[in-house]
Each structure stands twice: as C-alpha cells, then as structure tokens.
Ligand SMILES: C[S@@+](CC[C@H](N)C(=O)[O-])C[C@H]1O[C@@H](n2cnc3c(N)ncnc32)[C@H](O)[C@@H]1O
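The data below hold one chain only, encoded as structure tokens and taken in the form predicted on its own.
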C-alpha cells in the first residue's frame, strides 16, 4: 500500500479520496480543531498535527505528498489581495516536498490562481516544484467531468520525481458536461446525489432570513440540474430544489417566483454534493462549522481520480 502525507488537510476531502484510491495516510495537518475532529472521526488511524504548518519541523517518509493550501487571495469570491501572507504558504509545501522527497506530489487550488494579478504566484510555484526535482504538469479540472453533480473547477499541480523517468498524464473525463454531446455518461444530477435525503431535516440547515446579498444572484438549481459551487459560508449556500425558483427583477436583485416554502441546502446535502461518503461523520458542533469544513474541502472523488491516474511508480 503506497503511503501519503497530507498538508492543509482540512476535514479530509483529499485524504478520503486517497484512502479510497488505496493510500495509507501517515500524517495530516491543519489549524482548525473542528476540521481535525471530523477527520479523526472518519480516518482515525492517521496522525493529525493540529498546528501551523510552520511549526512542523520534520515529516515522515512517504511515497506521495499532497496539499490544498489556503486560497483566499486567489479565489473569485475571496479578498483578492495578491500580497497577503496567506498566499505564500505554498513555500511551506515546497519545504516539505524537499524534506520528504516523495515519488510524487499533488496540489489542489482554485482556478483563479491563473488570474493575471496573481499569475506571478502561479509561476513561482511551478518553478519551485521544478527546481525541487520534479516533472510538473498542471490542469484546471471541472468536477462535473468526473461525475460530481456540482459546478466546481479546480487547478491541480501534479509532479513526479525526475529521476523516475516518467511523466504524469491527467485522467480523461468520465462524464459529459451539460450541453456536450452524449459521447460519455451523463453527469449525475442533484436528485441523483441527494434525492434520497429527507426534505426538511431538523437542525441541519441554516434558517437565517434570505438577506439582500443572498437575493442578489440566482442561488437556485432544480432537481435535474447540477448544483452551484458548494461554498463554506452557511448563509450563502445554494437553495434546495424544493424551494421556489428565483426570477430576476433587475441587476443584483432576484425574488422567489411564488411564496412557497424555501430553504438552503443542509450541511449533509452539501457534503453529498461534494462527493463525501453517505456515512461520513460530522461530530456535533456549531452548524456553521460543518458548512465551513465541507465547503472548504476538495471533492474526494475528484482528488481520487487524479491520484488513480498516477503511473506505476509505487
């Protein structure tokens, strides 16, 4: 069984995907205590370092290093301040990469890392990984192309140590995007992912009023569509399909088509749309923290697909 070390692990989206792909997780790391609690409830055998990555001075040997470092400065919905210190945590991943010298690594981040105002940070990461001794490939992947019923695009760096003499090839899509020719399987829908769950789960969804900002854009997707991107803020997560559709009044203002009952997606529904297992455990805690760790996670099936495409180097 190949081994892996995970940094900036959150609640374990990447690592659930790796575990399903046959990897033994040796070490995970994050600064969120609730993310650690969720992770340990589902992957209890992994050592979890609850601390700032800069405080970790040594790492176990492993075949694979993975990391999903913070993306606030790159995200379309983030602060967009390229020079914020948090945007340079990739240097800590590079430090771990040089210390461990794994056979391969995988990095996941938001597709906004290719924006012109932060392209210098993208290029610096690519150069660092190459100078560390890796042949690096990168690509922006759409989760829907790999069977996840959610509009979510993410950028991946994948590197294989140069002395191994092979290159990485990203996996081919397994599902057709909406509107594409049906040469591949149709992407699952919201109904396929969460249609079996109760319509009004008690204490599982954010019941705050739909404030003006929420109603400034279309948050609705129907049962037979794919969902909008699952976000980490419980107030901004999309509407459940049992809600009335929204109609546009004018710029930045939407209203419900009728006055029928409406609600946001529950945290468990959000987890299902992210591709977490149906038996994923989320220990009791504040509802908003559950949404946060789910929305911040990489979808396990997408990360697993990237890992399974590794050549036979283990």
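From a predicted model like this one, the values you see are computed outputs, not experimental measurements. Positions refer to the first chain, counted from 1.
Missing here is the form predicted in complex with this ligand; even so, the following discussion is about that form.
Peer 1: With the cut-off set at 4.5 Å between non-hydrogen atoms, does residue 11 touch this ligand in the model of the complex?
Peer 2: Although this ligand is absent here, residue 11 would touch it in the model of the complex, with heavy atoms inside 4.5 Å.
Peer 1: So, in the model of the complex, is residue 266 in contact with this ligand at a 4.5 angstroms heavy atom limit?
Peer 2: Because no heavy atom of residue 266 falls inside 4.5 Å of this ligand in the model of the complex, the answer is no.
Peer 1: Evaluate residue 68 for contact with this ligand in the model of the complex, applying a 4.5 angstroms cut-off between non-hydrogen atoms, and reply yes or no.
Peer 2: Yes, residue 68 is a contact residue.
Peer 1: So, residue 302 and this ligand: in the model of the complex, are they within 4.5 Å at any heavy atom pair?
Peer 2: Because no heavy atom of residue 302 falls inside 4.5 Å of this ligand in the model of the complex, the answer is no.
Peer 1: Spot the stretch among 244 to 252, 257 to 265, 282 to 290, 49 to 57 with residues whose non-hydrogen atoms come within 4.5 Å of this ligand in the model of the complex.
Peer 2: Only one stretch qualifies here: 49 to 57.
Peer 1: Sequence order please: the residues of 30 to 52 with a heavy atom within 4.5 Å of this ligand in the model of the complex.
Peer 2: Stretch hits, in order: 30, 31, 32, 51, 52.
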